[in-house]
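This document starts with one chain, in the form predicted on its own, laid out as structure tokens.
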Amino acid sequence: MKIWRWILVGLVCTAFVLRIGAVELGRRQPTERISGSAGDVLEDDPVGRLKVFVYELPSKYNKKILQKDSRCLTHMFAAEIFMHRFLLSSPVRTLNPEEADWFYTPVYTTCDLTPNGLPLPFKSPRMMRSAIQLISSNWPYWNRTEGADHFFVVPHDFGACFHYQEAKAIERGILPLLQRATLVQTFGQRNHVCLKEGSITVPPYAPPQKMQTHLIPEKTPRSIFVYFRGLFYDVGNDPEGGYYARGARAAVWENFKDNPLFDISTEHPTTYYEDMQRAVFCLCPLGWAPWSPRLVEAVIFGCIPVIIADDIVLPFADAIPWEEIGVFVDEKDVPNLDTILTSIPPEVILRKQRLLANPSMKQAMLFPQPAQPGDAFHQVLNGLARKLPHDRSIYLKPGEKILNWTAGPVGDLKPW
């Protein structure tokens, strides 16, 4: 009886693909410009709208760390390194701090890696505190606002909470010395202690050149309905199960591991990028944090992202119409994922693909070397420019202090 059930499901899948094929679903879709203000924002040029002063720190805060481990250039947290490099040669950079709108402190807090290449966040708070102590002692600009006109790139799992497990990140909270600064971070979740108001949520780093080399011919049909590669359980860090990904990934596996509509596995094949270009939908579920590089990869390869992460705040949400290009599924509704996706009309799928084919959409998700107009670097600057002019209230009165330099866990207060 079970085999006949899956034969029926297979026939439904074939009929669905043929129905879409009847309206010419494939990789070669015409592009569609994003309508309204979002499209205008995406194409903004930040040059001439702001000036940024880059602090020159001792190399132990950035370059020497990178020299010890070049893997930091390729992992998904590398935006902090490339943002620094970009700003050094950007036309928005000013060498005169008196005319600066924003101040940037280049600290590579994610470049302390395990043998497996995962960043250890435990030294990050002390490193960041040390850098802030340095700039507040050597320059007068931090002390004028206690960081309210400064921005920091903090691409950890939970941003400036500096921990990869949510419960511990929440317990820690955002580093107290960063409470007034603008944080540029990959983590974004509404009503969460690790996302402060005014933060700029950015995409994680995905290697542009590597993805470019894996592009397949435009006319290749999308013969995979749903695609995912990654962990469903994290036995090492969550042996009892249920905590990792809030159980959403486990639900995907348990409900759809035998479903022919779903091409899902823990194996990461050499054809991973090519497979995404053959898929209609790419699952982007939360893991330890709500974000992952799959979101970037899906957009680049024109695979409709299926976002499974309740209350997620997505990158550059004022410029990218995520509701129009993606599909949002509540974590509790994962068992109904097959019904949800097969119920989407072909014309809706086609429009999402046309929007995803827009080059400006793809460009905004990347940190290319060298930088290109409209890329993620420029979207960050656009976000900073839209916060100008600063309100006069950010400037402190003589002798006024707001931040508590002794707040936070005892371990964070030790010298770095």
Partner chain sequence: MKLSALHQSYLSRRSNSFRGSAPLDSSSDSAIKSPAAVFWLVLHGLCCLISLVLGYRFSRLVFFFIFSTSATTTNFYTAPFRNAATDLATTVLSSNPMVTNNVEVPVANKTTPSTNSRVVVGRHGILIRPWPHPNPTEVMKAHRLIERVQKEQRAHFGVKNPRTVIAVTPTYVRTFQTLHLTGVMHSLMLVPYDLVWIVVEAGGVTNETASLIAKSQLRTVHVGIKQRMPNSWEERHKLEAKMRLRALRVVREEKLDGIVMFADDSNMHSMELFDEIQNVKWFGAVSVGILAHSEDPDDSSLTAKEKEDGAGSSPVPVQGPACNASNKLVGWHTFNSLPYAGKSATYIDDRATVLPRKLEWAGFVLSSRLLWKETEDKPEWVNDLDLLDKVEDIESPLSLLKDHSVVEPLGSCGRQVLIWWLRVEARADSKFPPRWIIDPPLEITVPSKHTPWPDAPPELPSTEKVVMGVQEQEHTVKHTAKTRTPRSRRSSRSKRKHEAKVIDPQISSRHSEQN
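Every value quoted in this text rests on a predicted model; they were computed, and no experiment measured them. Residue numbers count along the first chain shown, from 1.
Note that the form predicted in complex with its partner chain isn't included here; everything after this is about it.
From the list 83-91, 177-185, 319-327, 306-314, the contact stretch for its partner chain in the model of the complex under a 4.5 Å heavy atom rule is 306-314. Contact check for Pro269: a heavy atom falls within 4.5 Å of its partner chain in the model of the complex. Taking the partner from elsewhere, Leu366 is found to have every heavy atom lying beyond 4.5 Å of its partner chain in the model of the complex. Interface residue remark: Lys332 is counted as part of the site for its partner chain in the model of the complex, having a heavy atom within 4.5 Å.
In the model of the complex, no heavy atom of Pro106 sits within 4.5 Å of its partner chain. Using a 4.5 angstroms heavy atom cutoff to its partner chain in the model of the complex, all of Glu171, Tyr243 and Ile344 count as contacting. Exactly one listed residue, out of Asn96, Thr339, Thr213, Asn138, brings a non-hydrogen atom to within 4.5 Å of its partner chain in the model of the complex: Thr339. Taking a 4.5 Å heavy atom cutoff to its partner chain in the model of the complex, the contacting residues in 151-175 are Asp157, Tyr164, Gln165, Glu166, Ala167, Lys168, Ile170, Glu171.
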